[in-house]
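The form predicted alone is given below as one chain in C-alpha cells.
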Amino acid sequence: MAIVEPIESAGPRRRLRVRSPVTLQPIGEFDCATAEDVRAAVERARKAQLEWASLSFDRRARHLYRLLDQLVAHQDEVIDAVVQETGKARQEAIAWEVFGPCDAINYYARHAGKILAPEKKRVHGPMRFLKKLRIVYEPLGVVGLITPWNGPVALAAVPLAQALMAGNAVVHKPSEVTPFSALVLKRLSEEAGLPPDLYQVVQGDGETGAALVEAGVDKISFTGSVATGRKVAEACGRLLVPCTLELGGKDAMIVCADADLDRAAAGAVNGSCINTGHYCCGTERIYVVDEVYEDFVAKVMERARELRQGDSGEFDVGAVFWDKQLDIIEAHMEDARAKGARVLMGGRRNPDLAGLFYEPTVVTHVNHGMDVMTNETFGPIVAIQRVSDEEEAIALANDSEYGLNGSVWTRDTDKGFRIAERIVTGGVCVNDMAITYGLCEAPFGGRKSSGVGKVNGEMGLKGYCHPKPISADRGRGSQGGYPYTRKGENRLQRIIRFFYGTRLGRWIAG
C-alpha cells in the first residue's frame, strides 16, 4: 500500500492522498499546485520581497523572533504533525523539528546583521593607492525551497530563516510524503506576523517541484536525493539560476584501535538508527580495525538489543517514513545476505507492528561488493566491516561516490583530526556522530555526488545574497589613459619591473 497515492479530483489539479506509515490509514489529502499556480506564487513573492528587503536587519529579526515565539508556544502541534506523517520517535521529533529550528532561527536572527554587514576591503599592491573597495551583500530576490520528507520542519525552517534574514522571499515546495508539517510552519509564520506572500507553500510532487525551478526564481535551495538533485542542477544550469544541492550520503565511521569502544559503539548505534536511519549524515558503513573488532561488535550488540521499536508510547526507533524507502532497505539487505553477510539481529520487517517498520539491524562480514556498503540505504542498519588497520579504513572511506560527512573515533584527538583531514568528504566529526548540520557556525555541504554548495554558517547565509563589489577612485584626475604614448608605455613597464621583478616590490605588492 503506497503512502502517497493519486485519487480522483473534482477540479483541474491532481489530488493526492497521504497515509500514515504507522497505521497505513489516510491522514489527509491535498491538491498539487499547477505550473500556473507556482508562477503566480513567485510573482506574489517578488512583490512582497521588495518591501521586505528595504527593512533593516533588526526589523527582519523581530519578525523571526516572533516566529520563534510561535514555535516554542505551539511545539506540540509541530511534534504531533511530524509524528503523524513520519512515525519517528517523539523525542526525535522534539530534538530535530523543534529544538533544531528554534536554535537556527535564534542564531540567524541574532547574527545575520553582522555577517552580512558591508565590508571594507583593503586593496593590495599599487592599486591600494588608487582605489577603495567595499563589498555589500544584496538579497537575490525570490528563493525556491524544495525540502525532503526526513526532516519536514527542520529542513524547511533552517534555510527559511537564512533566506529571510538575507532579505529574500521564499516559495516552498515540501515533500508530498510529508506535506502537512509545512502547513503548520506556514500557519505559525502567519501568526507571527510575517508579511503576506513573503513565505508561501506550494504543495505537490516532483512535477510541482520542477515547475518551481522553471518559475523564474532567483535561487533554488534543494535537499533530497542524488537523482533528483541532478535533474534540478541540469535545469538550473540551463536557466542560469544558482542552486545549492544538499544530497545523499553514505557516511563512513572509522574506529581506531585506541578508541573508547563503549563510546564508539553507542555512536555507531545512534548514528545508524536515529530517525529510523533516514538522515543524510547517518552512519551507513563502519570500518573497525582488526584488533578491536570483536570487542566493538559485542558492545554494539549490547546497545542495539536495548533499542525499542514501536508505534506509540515510549520507543527509540519508529517507522520507515516512506514505502519506497522500505523497498530499498529490503533490497540492500537481500543483496548483502546473498553475498555472504551475517545478520546478527534484525534484518526484516517487524512482524509485531502493522505499519512500515524495519527492525534495527546489525550486519557484519560486509564488503564493498554489497549495496549496503556502497549505495545509500537510509535505514536503521548498523553495517560493520573489519579492516586490517587505519590506512585501509581511510582508503575504504574514500572509496565511495558519496562524500557528505563521516566520523573518526580515537582517544587521540590530534590523530583524529589528522585522519579526518584525509577523508574526502564534506565534513568529519571526531568522537561524535554527525552533528555538523546542528552547528550553526559550520558550513554544511557535500563533495562528489553528495551535493553542490554550502548551507548553514556564514557561507550558507551569504549564499542567499549577491556579494556586490563597489569600488571608488581615490584620485581627482582624469580617468582616461589616452592618449597612449611611448613615455606612458615605458613608465608602466618600469612599474611592472619594480613591483613584480624585485623582492621588495613583490612584498609591497603582496
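All values derive from a computational prediction rather than experimental measurement. Sequential numbering from 1, following the sequence displayed.
Omitted here: the form predicted in complex with nicotinamide-adenine-dinucleotide (NAD). The next part is about that form.
Which of 298-306, 161-169, 255-263, 200-208 sits within 4.5 Å of nicotinamide-adenine-dinucleotide (NAD) in the predicted complex, heavy atom basis: That would be stretch 200-208.
nicotinamide-adenine-dinucleotide (NAD) contact at S225 in the predicted complex, heavy atom, 4.5 Å: The answer is yes: S225 has a heavy atom within 4.5 Å of nicotinamide-adenine-dinucleotide (NAD).
R134: touches nicotinamide-adenine-dinucleotide (NAD) in the predicted complex, heavy atom cutoff 4.5 angstroms: Flag for R134 set to no.
With the cut-off set at 4.5 Å between non-hydrogen atoms, does R411 touch nicotinamide-adenine-dinucleotide (NAD) in the predicted complex? No, R411 is distant from the partner.
Should Y464 be classed as touching nicotinamide-adenine-dinucleotide (NAD) in the predicted complex when contacts are defined as heavy atoms within 4.5 Å? Residue-level check for Y464: no, no contact with nicotinamide-adenine-dinucleotide (NAD).
Can you work out which of E176, E359, D218, D311 has a heavy atom no more than 4.5 Å from nicotinamide-adenine-dinucleotide (NAD) in the predicted complex? It is E176 that has a heavy atom within 4.5 Å of the partner.
Can you pick the one in L247, A397, V78, V288 that has a heavy atom within 4.5 Å of nicotinamide-adenine-dinucleotide (NAD) in the predicted complex? So the residue touching nicotinamide-adenine-dinucleotide (NAD) in the predicted complex, by this definition, is L247.
Verify the flagged residues Y65, Y108 and V184 against nicotinamide-adenine-dinucleotide (NAD) in the predicted complex: is each one within 4.5 Å by a non-hydrogen atom? Checking in the predicted complex: none of Y65, Y108 and V184 is within 4.5 Å of nicotinamide-adenine-dinucleotide (NAD).
Out of 117-153, which residues reach within 4.5 Å of nicotinamide-adenine-dinucleotide (NAD) in the predicted complex, heavy atoms considered? Read in sequence order, the residues that approach nicotinamide-adenine-dinucleotide (NAD) (within 4.5 Å, in the predicted complex) are I146, T147, P148, W149, N150.
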